[in-house]
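In structure tokens, the next block holds one chain alone, the form predicted on its own.
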Amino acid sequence: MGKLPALAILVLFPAVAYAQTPTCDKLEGEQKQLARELLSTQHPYDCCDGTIIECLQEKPVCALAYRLAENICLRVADKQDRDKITRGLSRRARSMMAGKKSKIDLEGLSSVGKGGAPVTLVEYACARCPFCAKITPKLHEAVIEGVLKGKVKMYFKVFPIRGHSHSKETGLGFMAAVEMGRFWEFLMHSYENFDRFCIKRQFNWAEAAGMDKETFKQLVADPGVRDRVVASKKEGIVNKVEATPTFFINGRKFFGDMNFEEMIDILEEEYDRVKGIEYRK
């Protein structure tokens, strides 16, 4: 038996069945039509074998189908075209379904978030990366006291980018802060003052983050600290880190859209997956 065309599927599944997420329910006109067409052709990569719109009809409702429906409608509302949306969904599926996990050495690194959290987020980033300076503090806040509290623990791996001015020196500063047990305080202060940076201020920033300035200076010049930065960079290269930030979620490289909302959504999806939450209540 052949497949029904998309328009026929839309007739079989009326608007009341489609309007099951807050964002989808608000769409109108051409945006609503585009969302319906995507929901009737895209499939969840887990939990349910049908199209997303078919999965939304089942009881109980597949949690991933609902999450992807909301994601699609958010993209439509953001005026993304069909191709961009389908590419984004494909990259998301690649992130979540990758079987091989990367080897990441977390020894000696401090994490934020609950120690027993089931999701581990590792970020390879440069101290002088503009986008890292924007997204990292937001993720830090979400893990500490936001929607990811108790769900995610977060680690940071130093990965200097040659094209960023003073990435080497600031990378050494980040690693020195690791050695002194004040890494996250120093990172947050550095990123908060990102646009006020000059290399001479790094030592004052260390003091502002609760470190002894002279000890910090000594560590920045320490060959052992330099070796740790080099090792972190080499590990990232082995794990195919090509730009910053690059994220790994429970050992799997994240290929999806690099924005805060997408990161939050996919981290919550991973939490549901690990906890065995397949269906909405």
Partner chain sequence: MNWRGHSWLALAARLYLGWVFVYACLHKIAYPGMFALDIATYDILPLWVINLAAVTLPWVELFAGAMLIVGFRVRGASLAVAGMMVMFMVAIVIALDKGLGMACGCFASQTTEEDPISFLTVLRDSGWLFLAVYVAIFDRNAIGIDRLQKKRRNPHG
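Nothing here was measured: the structure is a model prediction, and the numbers come from that model. Numbering follows the first chain given and starts at 1.
Not on display, but discussed next: the form predicted in complex with its partner chain.
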Option touching its partner chain, based on a heavy atom within 4.5 Å in the predicted bound form, out of 201, 114, 82, 134 | 134
Pick from 164, 140, 92, 153: which residue has any heavy atom within 4.5 angstroms of its partner chain in the predicted bound form?
-> 164
Name the stretch: of 179-187, 83-91, 140-148, 104-112, exactly one has residues whose heavy atoms fall within 4.5 Å of its partner chain in the predicted bound form.
-> 83-91
Contact label in the predicted bound form: residue 210 to its partner chain, heavy atom within 4.5 Å = no
Taking heavy atoms and a 4.5 Å cut-off, does residue 118 contact its partner chain in the predicted bound form?
-> no
